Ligand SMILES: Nc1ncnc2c1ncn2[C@@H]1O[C@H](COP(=O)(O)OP(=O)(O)OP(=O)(O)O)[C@@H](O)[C@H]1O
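Consider the single chain below, provided in structure tokens and representing the form predicted on its own.
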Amino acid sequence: MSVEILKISHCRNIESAQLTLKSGLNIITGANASGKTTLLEAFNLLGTGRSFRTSRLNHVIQAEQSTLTIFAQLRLASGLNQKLGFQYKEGKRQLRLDGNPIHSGAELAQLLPIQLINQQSFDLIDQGPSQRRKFLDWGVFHVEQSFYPVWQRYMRAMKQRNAALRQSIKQTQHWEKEMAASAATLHGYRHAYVESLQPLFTASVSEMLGCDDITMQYRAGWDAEIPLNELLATNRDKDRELGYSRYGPQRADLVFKRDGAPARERLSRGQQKLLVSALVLGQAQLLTNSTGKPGTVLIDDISAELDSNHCAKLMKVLLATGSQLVVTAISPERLPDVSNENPAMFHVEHGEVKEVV
């Protein structure tokens, strides 16, 4: 699955734009604040229904306009096309596939897998575990069809238990049993996924950072050797005092270390960017290997914080994933030579997008 045609109307400083894209490499250049990141934001809106820059979609609409519209023609592996549309008007968001409404975020994510590498991607390394869980579950969701309903079942049971704890309801065993059954399945899915991701991640780290001392460890969120309902029962009084469940898949994490210390303490900002990129690209490669359906990877300002050598290594690993790539840079001179890839080239200036022939 890849985006063949992208049309944008009234998105930030872009009044109107149309891009004909390749299933391989697409490069967008332009000065800062020209509209490069806005184009990536449009991709993200199509693939997730959300912006990665703001939680308020009314801020994405161009000034003095009332409607934001994004349209894409998708190219399927079969060679057939589908039409995906996003519209935001009067505080309401609408997504349609071939004219039919899309109601589920899961359906949208399955349709157009989007991954993003930008400055906020550093949160995977130096912030709390919530972003890493989202990253992990994005990958599991796309390779394990049963993951999402099991995750929903667990979250419903946990919310019911938490509500009972806060209301001082003593009978929580039913919810604990349901949490335990779902947790065991979720843990199995996550553990298997990380096992599959590990060699791809290690290979990417070796290629881009030239080291083999960075490790990735999956933590389940509780001692998975113990049935979760037993652990919850043992800690019920303390959980009731706090008003929430302290153990379970909702506490899972991915831990990155170098020489036994947290990776964020041993890596420069440029190295952290390469580490995050290795993680995302390993996931992109695993998606292709597992489903045969490459996704789309967005890379905002690829050369930022990287020297020319490391930028070239990153580009090499990017191209090896088989994903559709949409890469932004201030100028072509900031990029390694990719002329042999015959990329689609675009230049953005003051919100106007032009194809470079």
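In case it trips you up, residue 1 is the first one in the sequence shown, and so on. Model, not experiment: these values are computed from the prediction.
Form predicted together with the ligand: not shown, discussed below.
Site residues Arg12, Ser34 and Thr38 are all in contact with the ligand in the model of the complex, judged by any heavy atom within 4.5 Å. With the partner removed from view, the residue among Ile61, Leu319, Ala304, Ala312 that has a non-hydrogen atom within 4.5 Å of the ligand in the model of the complex turns out to be Ile61. Stretch-level contact analysis of 43-51, 319-327, 62-70, 290-298 against the ligand in the model of the complex, using heavy atoms and a 4.5 Å limit, identifies 62-70.
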